[in-house]
Every structure is written in C-alpha cells, then in structure tokens.
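As structure tokens, one chain now follows by itself in the form predicted on its own.
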C-alpha cells in the first residue's frame, strides 16, 4: 500500500529558558491510501505535535526540527513554502480538532464558514458553494441543514458542531484527514454516530485518516493499524488486532490493564505508577524504564523497534524484552503480571438511607417578554425519585442535557428545586435556615469535572486543600498546614508539593487536590461530577483506585455522575440511567448493564466502543439530537427515538418492576422486548 503520509526519523524540540523540550524523538510512521491509522498515548506524549507537524501548523519560531523528513502525497513538507502550504491545507489535507467550539469562529454563521473553505480552494459561484455546503451537512446527518446554515456555533450542540467540522473537512475532497481527539468531549451515543460518519465518508471518498486518541476502544472499532507513543517516541506499531490482542511493549500492556472494562468491579485497577518523564531532561535509555515493572540492566540503552516475529510481521515494539526472548510476558490477559495495587477493596454492604430525593423537578426560565415574564422554561429535571444508602456508590449515567449535573447541584444545595424535596439523613434541606444549612453542608461535598477550573490558581496547594477549614475560622496557619499534609498523604500527594500552585501539577494531581479539599470537613457524602472524564486512562485508574480506597477507609457514600459506562460499571453498586430529566432505569449495576430493560439503556450500551472489533459501533437510536427540554414530548420521553415504540407509549410511563430485585424500568413493554 503506497503511503500518502510518510514521517521518517522526525525529531522536534521546543526552545525554552530551561533548555529545549525534546517533544519528538526519531518518530517514524506512515498512512497508506484509504487507510485509517490510529496514534495513541497519554497526554504529553507528542500525538498532537506529530499531527500538526505533518501539515506544518506549529509556528515556525516556536519549534526546531533537528532531523527527519515529512512527505505528504509525495511532497516534501519541510521544503514547501508557506503559500503552497496554505493551498494544500483544506484542499489536499484537512484537520478536525478536539474542541469544535474553539475550532469554529463564534461570530460567523455555519454556512459561511463552510463556503469560505470551498471558495478558498475552488472557483465556484456563491450559489454552488452554498448548495454544496448544505449537501455536506445533510450527508453528515445534520437535520434541517438549511436552518443550520444560518445558525452560529453556540446555537448548536457539541455533536452538531463536530458534524459541521467534518463537513468542512470533507468540503474539498481531501486526500488526507487528520482527526485530533474529535470525540473526546462527546457523549457515547453522539461519539458512535460521529465515528460511523467518519469511517463511512472516508471509505466512500478514499480518504486516508490519521486518527489521534487516547481511547483504545475507539481505535479497536475504527483503525486498521495503530502506533503507540510514549514521551515523544513510537514504542509499538502494528495491525490494530495484533497490538490490542497481544501487546509487545510493557507500556501498551499497562495502558490496556488500566481500562475499567478489563478490571473486576470494585477491585483496584493495575494503574501505571509515576508520570511521563520531563522531556527537558529525559532519562537515558528506554524512556519508560522508570515506570516499567520489567526494567532490567539492558534498559539503560535505547531500544530499537524489534519485530514480534511469527505471522505478525508488521508488529514491532521498542523493547529489549523481545530481543531477550520474553515476548510472552507482554500478554494482556496473563495473571502473572505485577500490579501496582496489592490489596482488594470489598464492596460495603448497604445500610440505612442517607439521601432521599422526592419528586425533584427543576425548571429554568428562558427569555422574557415585554412584561418581564419568562417566554418558556427548560425542564431540566422532571420528577426524579432516588434513595442513596450509606456506604454505597450510586452511579448516574446519561447523555449531556439529561440533568445529571443539575441533580448533583440540587443535592449539594447549590440549586433549590422547583418541585420536590431533598432529605439528607432525614432532614429536609429546603426548610433549613442559613446557619443550620452551613453546618449541614459540612456533611456533603462535591468534586467537579475539571480540576483546572475548580481550583483557585492564586492559592498554593495547601491553602486550596484547607480552604473549607479556613472559611470556618478559628484555626492557625500552622494547624492548617499540618492538616493539609495529613490530607495530602491520604490522597497520595507528597507534603513537599504543597507549596506549589495548581498549574504546577498534572491533571491527575490536581484532581487529587480537589478530592483532598472535599475531604477536609470529613463529609459523609461526596458528589463526584465526572471526576475522571478529563484524564488519561492511566491517571483515571489511579483516581478510581484512590476513590475506592477512601470509600473503604472513611465509610464514604458516593453519588457518582458520569457518561462513561465502563467507569460506572467498575465503581457503582447501583446505577440510575437518566434521559431528559427522568430516571428511566434503576437497579443493581450488573443487572442494569448486563440485562438492560429500557430501550434507551440498550442504545446507550450499544454506543459504548469495545475492544472487541467484531462489535457494532453505531447505536440503534432514531434521530440525531435529544428532543427539546423546553417542549417536552408527551407520554414516554424516549418515544420519538425508540425502535420499539408502539401503542401505549403516548401515555406517561411510571418506574415499574419487581421490588425484590430492585430493578425498575420506565417502560410498559419491558417484558415484550427481545433479549438485549
């Protein structure tokens, strides 16, 4: 297969006042015609730098290529001038970025942004460009494409914006498409639809794709071949099936064993100790050596890419274990591999009820008429009934916009519900005066999704951790510092790091600081709002292990909000599936996820990418977007998208089921549906 993208021995560095950052070291990769190739690894390993180097998007003054070549469709990209590069970008090669809101111009309508790309590379009339843009949006399954052409980016959902970026990328029929984490911020149902579109359109047009991600399950579903990067180097390469089934490099194996779907529920995951090395002063020899459980004397030398032998001729890894004849030690499924966690964490038995939600409804006003009255309401929550037992973890899953985070804020008392009431340990939080509410609030705390945004950048770590105690007053600075050291040790931080500011920590370390702050007041309940969604799989495993250990040691109760079904399966005792502000299914985690009773739960699970390449990627959901929460559907809220809709679905559906197994479903056809 002829290569349309060919990178050979590429080394790149970023000059800094501390010395050059060796971002890429002898990177070699290729993408064949019509091929989809994955590039995976942790944050900071060089994936995005590699992709931007291919089309020379990095500012020339910010980096220095010390050696290597880059060829794109036969052209030497390092010898190509800026004017010619501008002609190639968008015409011969396109790029889809991770965050569509940042990639689209917020001041320009969608239609004009697409036609600008077409006019830049082709001489066509305005009418022809608009017709092509509308046709492209329709091909990307954007409903009412003519209307969307007139919208601004902020008027569209994340999934719709990503479809717009795909339409722009394919507008001039490029030979190469580079997709940099295009589905990281999307729900699993939208992710499945976007990945299916990407795969189908690339196949139809013969476009080669370099797909960058940290999600190995997405790679399994989408890519023909895969390259694994670590600290700026390619450490393993081969056909996707070979790499995921029998990884040769200890780093690839460790990444796979960090995945929650491969671990036992409520048991510690085999996380990777340490962090990616400092690339200003990288260690000698194998860069993974300080974190590798198999490191030995020869690892002080730089290993070349060595073939795995056998029939997998293209499967190779940069590891001396292969040269020493220890190929079998890197089998993902073997039980003799060392784990970073030696103890198991048994699930806590359920006790008395700690938190009760009774008929919770939440409406937000939208707009105002000339009299100042709302034009309408967003119905964020619609009659949520839940109980959380002491010592258990209740998982909340669903698409964006289903009301998960709103529910968490109501539990925390940050929002007052429009309808219903919240009982904490039998006390109605809505009837408490301010002083009593402040005392009660010490018993429940929250950990937010993005630790970078939730930590004060002007406070040192010890001040951030002890801020709740300082607000309470009556504590000396020396006492607060001592308490910060105690909490830091509890969450796995070194006391000597506490004088640093949040920006000086990694994402996983910042999340540990946020957890330590939440524990400062010794709460009984933690609301965890997507606490691992912004983290790599290896760091995610460390945080999940930490949360399980803290729950066991401190007898904590968790309300765990996530759209990651694999994480919920691993940590939760029970799970509530939410759709459009309602709980549509509730029960023990294994029962709900292995035997889903509601059609929406089935669609959600079918959308989750799997390491099993034979599994289907797309979810059987009618329609692209959630119905409007301003004008709620009648009867069953899922009726308009449900493949099993029938007579009777136009009536409101209560949660029903046998109380003995505690598995409740909001669907009158549950017993009639075929097995999931």
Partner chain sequence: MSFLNIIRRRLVLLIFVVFGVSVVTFVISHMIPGDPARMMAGERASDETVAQMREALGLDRPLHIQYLTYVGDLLQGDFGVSIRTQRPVMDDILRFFPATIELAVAALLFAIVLGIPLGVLSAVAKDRGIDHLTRTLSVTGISTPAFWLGLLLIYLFYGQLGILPGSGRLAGNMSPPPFVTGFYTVDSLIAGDWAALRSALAHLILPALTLGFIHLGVVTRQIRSAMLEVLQEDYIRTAKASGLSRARIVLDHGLRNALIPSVTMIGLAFGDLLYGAVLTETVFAWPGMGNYVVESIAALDFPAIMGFTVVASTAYVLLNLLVDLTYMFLDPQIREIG
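Positions refer to the first chain, counted from 1. Treat the numbers as computed from the prediction; the structure is a model and nothing was measured. Here, rigid core means the biggest group of C-alpha atoms that superpose within 1.5 Å across both forms.
One more form of this protein exists, namely the form predicted together with the partner chain; it is left out here, but the text below deals with it.
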| property | result |
| --- | --- |
| One residue of 97, 424, 294, 505 in contact with the partner chain, assessed in the model of the complex (non-hydrogen atom, 4.5 angstroms) | 97 |
| Residue among 152, 479, 364, 501 with a heavy atom within 4.5 Å of the partner chain in the model of the complex | 152 |
| Among 453-461, 216-224, 108-116, 256-264, the region lying within 4.5 Å of the partner chain in the model of the complex by heavy atom distance | 108-116 |
| Any non-hydrogen atom of residue 372 within 4.5 angstroms of the partner chain in the model of the complex | yes |
| Non-hydrogen atom contact residue 86 with the partner chain in the model of the complex at 4.5 angstroms | yes |
| Residue 93, heavy atom within 4.5 angstroms of the partner chain in the model of the complex | yes |
| In the model of the complex, residue 121 touching the partner chain (heavy atom, 4.5 Å) | yes |
| Residues of 267-290 having any heavy atom within 4.5 Å of the partner chain in the model of the complex, listed in sequence order | none |
| Core-aligned CA displacement of residue 364 at least 2 Å between this form and the one not shown | no |
| Rigid core superposition, residue 153 Cα moves 2 angstroms or more between this form and the one not shown | yes |
